[in-house]
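Okay, here we've got a single chain as structure tokens, the form predicted alone, with questions on binding and movement later.
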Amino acid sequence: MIRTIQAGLLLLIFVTLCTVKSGIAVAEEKAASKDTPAAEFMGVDVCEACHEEISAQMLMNPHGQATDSRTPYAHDGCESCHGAGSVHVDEDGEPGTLLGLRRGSGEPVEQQNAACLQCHRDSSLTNWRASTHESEDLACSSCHAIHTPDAVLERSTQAEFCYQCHPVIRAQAYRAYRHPIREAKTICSDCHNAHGSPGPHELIQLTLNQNCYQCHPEKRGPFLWEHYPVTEDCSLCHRAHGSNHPALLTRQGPQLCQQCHQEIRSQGSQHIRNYFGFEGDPPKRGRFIVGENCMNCHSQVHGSNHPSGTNLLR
């Protein structure tokens, strides 16, 4: 069995090397072809002659700072990203002579992203490969803009930009109870990493609870008396983007509580049977039926450290 695995690995390595070698050979043949002249770098001044408006915008962009060695303008200017431009100039700006990085340019996504990834290799992009957006064949330019202000990086416009592809989240953010997303006090990137994450739903943290604890550390515990759904998953009780029930709850109380505590009803054996019930003359109202809630008594629903808090009452 081990020998079979080793033989398979050797065969895979051999095939990979052959593929790489053939790819290099093809690239060399194209470079040597007389029909495809090698492009030369022309410099920023040549680009500015035809693209004055874009050049002016770039001076206000982090990528256009020639004095910063980390930026494209400190090296080959526009051609650092778009490629050498002599063929583009010789053919009077013919489409396809430069790598287009605009949204909807039609260039292969792999080539567009490779141009960005040659500089952007920080830890936030570690999980880009096989992330949700990468799997959907999205280019960096599908969300980001270079020549104009980037709506994704601006807190006041980020959510509206994301809503273009996530309309269900937009609807949830307009419900009665919600996070302050519309006011830009909380934005998508506070919780999600659009470039990929090892956690679910592209969350910044490994688990949903850890994500929530960033802003709600008082719910982390540990507690002497724990409420097990709380330690398992916040979304069992809450809707993160918005809800029609107070505190972003998935359902109103006591219906939410009775999903797990089915034995606790208005006539349940663990509670006073006729306390404000509809029995009697005159009839009385049920404390679980008319505008009441389990949390009126069980106020420490996330957990309690009180010696007498076994039922989350204190």
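Worth saying up front: this structure is predicted, and the values here are computed from it rather than measured. Numbers follow the displayed sequence, beginning with 1.
FYI, the form predicted together with a small molecule isn't displayed, but the following is about it.
When the small molecule is considered in the predicted complex, residue 66 lies well away from it, no heavy atom lying within 4.5 Å.
The small molecule in the predicted complex comes within 4.5 Å of a heavy atom belonging to residue 118. Contact check for residue 244: every heavy atom lies farther than 4.5 Å from the small molecule in the predicted complex.
By the criterion of a heavy atom within 4.5 Å, residue 189 is counted among the residues contacting the small molecule in the predicted complex.
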